[in-house]
Structures are given as structure tokens and as C-alpha cells.
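Shown next as C-alpha cells: one chain only, the form predicted on its own.
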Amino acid sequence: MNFLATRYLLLAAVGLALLIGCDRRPPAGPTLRIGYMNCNSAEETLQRFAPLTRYLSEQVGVPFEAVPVDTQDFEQRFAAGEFTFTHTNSLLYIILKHDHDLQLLATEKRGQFGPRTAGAIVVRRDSPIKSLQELRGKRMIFGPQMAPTGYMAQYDLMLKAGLDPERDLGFSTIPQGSFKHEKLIYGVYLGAYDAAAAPVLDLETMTREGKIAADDFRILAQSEIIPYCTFGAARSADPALVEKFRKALLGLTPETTVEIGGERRKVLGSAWVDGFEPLQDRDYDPVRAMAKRTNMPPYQVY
């Protein structure tokens, strides 16, 4: 073989090696499921987290499937082995940690408090109600019972103030259907209720989107800040896989994209997330304390 032919063969071999090295191998192995807590609806949950699920499949090298899960069914379905990884609020995290030894992976960052958030009790700006004590006999709307900053935090604030929400309110309710947090905020704005258990993040988001104005409401009380939504993994999951999953979450940037349906989509932007932070389990102790004071799972006493 002459020198020129040998050179061409070497160049071709190098080029092939580079192509192989740059080609990302498709995810292999059995499909693993990620249980995503429903926020507003199952459809919205799937749309929000489709890019993140695709990104995790590519980075971890395992095919993942997104599964929307209602908060009331989450523990039962996780215990039945329907999904290996979880994306939940902080209350569900401590329930799954307490009852099933769920592993903490990373905490979602969003809004002014980053990986933490708070709950508030709000009234209309023109309301005559000036303090928590004046809620006696009034109409109040709460978020879902498993919502730490839409129900539990406000219940805790009232108990600390010497109020029993079950006895001292004139009427209380929880909205039905989807977009419950927005419904309770609008319920107060439109005058259907005297006060609402509003998540601070929802107030912030709705104000930024122009749905409400900052001076439409007055905050009677606000809880301490507690961890926001959280990724976890079943204790039975492969440790190496769990670590890859964690690193993939922490490695996300606002510029990270994936291709879905022929278009590039930003992973964090699609999920309404600013990033992820590696909190410690002890950071969730304030959630545990709230759950104990309000007789919520996993510490409820009947």
C-alpha cells in the first residue's frame, strides 16, 4: 500500500472514530418511571416535564417515562412500585421518607426564595380584617390538604395564633378541579371568601404574569420558609443510577435544551424551574414540625 493510500485510510479511521465518539447512544435497558405530582392537571404536568424527562433519559442513559400522580394517591402508588423516582412537594417527601425510606436527590429552585417557599393568609386590600383573630366567624378558602404552603402552613399559623380552623371559622372549603391555588386567590379577589390560604410563590407568579396586582391583597400572616418541590428515589434503585440522576439535575442550566417533536426546548423553562439545589434531609425538619403541630401525615394521631 502506497503512502497516499495509507494516509487516506488513516484519515477515514480518525473521522469514523470522531463520529462514533460524538454520537450519543440512545437510552438502553428497561424503562423506568418518574412519578410527577400533579399541580394543576395531568395534561399540564406531562407537558411541563416532558423536556426534563427526555433530558434525564439522555444524560443517565436509561429510558424514563413521566407519570402524573395525584397527591392523594402518591404514597399508595409509590409503595406498589409504580415508579422509581419521585417529584413531589416537601410534605409528600417527608411522608415517603418516613414510611418508605425515600432518598433525597435535589430540591427545585423557583421564585424569590430559591429552593424554599412559604404560605400566607391573605385578604383583599380593602378588607376590614386586620389580624388573624378577626378571622373568627369568617369565610376562608384553603388549597389541597396535601399542599404544604397552600393548607398546612396556614393551618399552623392559625393554631399558633390560638385559632382552631375547624371551630373558629364560620365556613371553610377547598376548591375542586384544576388550578386550585389560582381559584382560591381569585375567590378572595372576587369577594366570594374573606380570606385565602395562598402560597407565596403563586402570588408572586400571578403578579408577574399580570393576573393580579401586588396591591390587590394584604398579607395577614406568612409562614417560615420551607423546602419547595423535591426529587427523590426509591431505596431499591441502583446507587450508580441514582447518582447519575442527581448529577444530571444539578448540572442543568437555563440554556440546556432537548429536542422534542422536531424542536429544541429549554428544559428548565418548560418545567417552570430556575434550577436544582442539593439540600440536606435536615432542611426538611421545619416541614416535619409543621406536620406534627397540625396532625398531618406521617405523624397524624386519630
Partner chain sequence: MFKDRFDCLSAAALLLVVAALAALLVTARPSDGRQSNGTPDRRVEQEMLAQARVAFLERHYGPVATLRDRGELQSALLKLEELDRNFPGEAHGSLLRGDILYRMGLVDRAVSSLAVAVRGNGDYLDPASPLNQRDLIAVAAEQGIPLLRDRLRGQPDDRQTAATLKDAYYLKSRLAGGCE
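What you see is a predicted model, and the numbers here were worked out from it, not measured in a lab. Numbering follows the first chain given and starts at 1.
The next section is about a form of this same protein that is not shown, the form predicted together with its partner chain.
Residue heavy atoms within 4.5 Å of its partner chain in the model of the complex occur in exactly one stretch of 216 to 224, 160 to 168, 92 to 100, 77 to 85, and that stretch is 216 to 224.
For the options M146, V188, L132, L203, the residue carrying a heavy atom within 4.5 angstroms of its partner chain in the model of the complex is L203. The closest non-hydrogen atom of T253 lies within 4.5 Å of its partner chain in the model of the complex. Heavy atoms of G210 reach within 4.5 Å of its partner chain in the model of the complex, making it an interface residue. The closest heavy atom approach of G111 to its partner chain in the model of the complex falls within 4.5 Å. Although the partner is absent here, R125 sits close enough that one of its heavy atoms falls within 4.5 Å of its partner chain in the model of the complex. Although its partner chain is not shown here, in the model of the complex the stretch 271 to 302 places heavy atoms of E277, P278, L279, Q280 within 4.5 Å of it, in sequence order.
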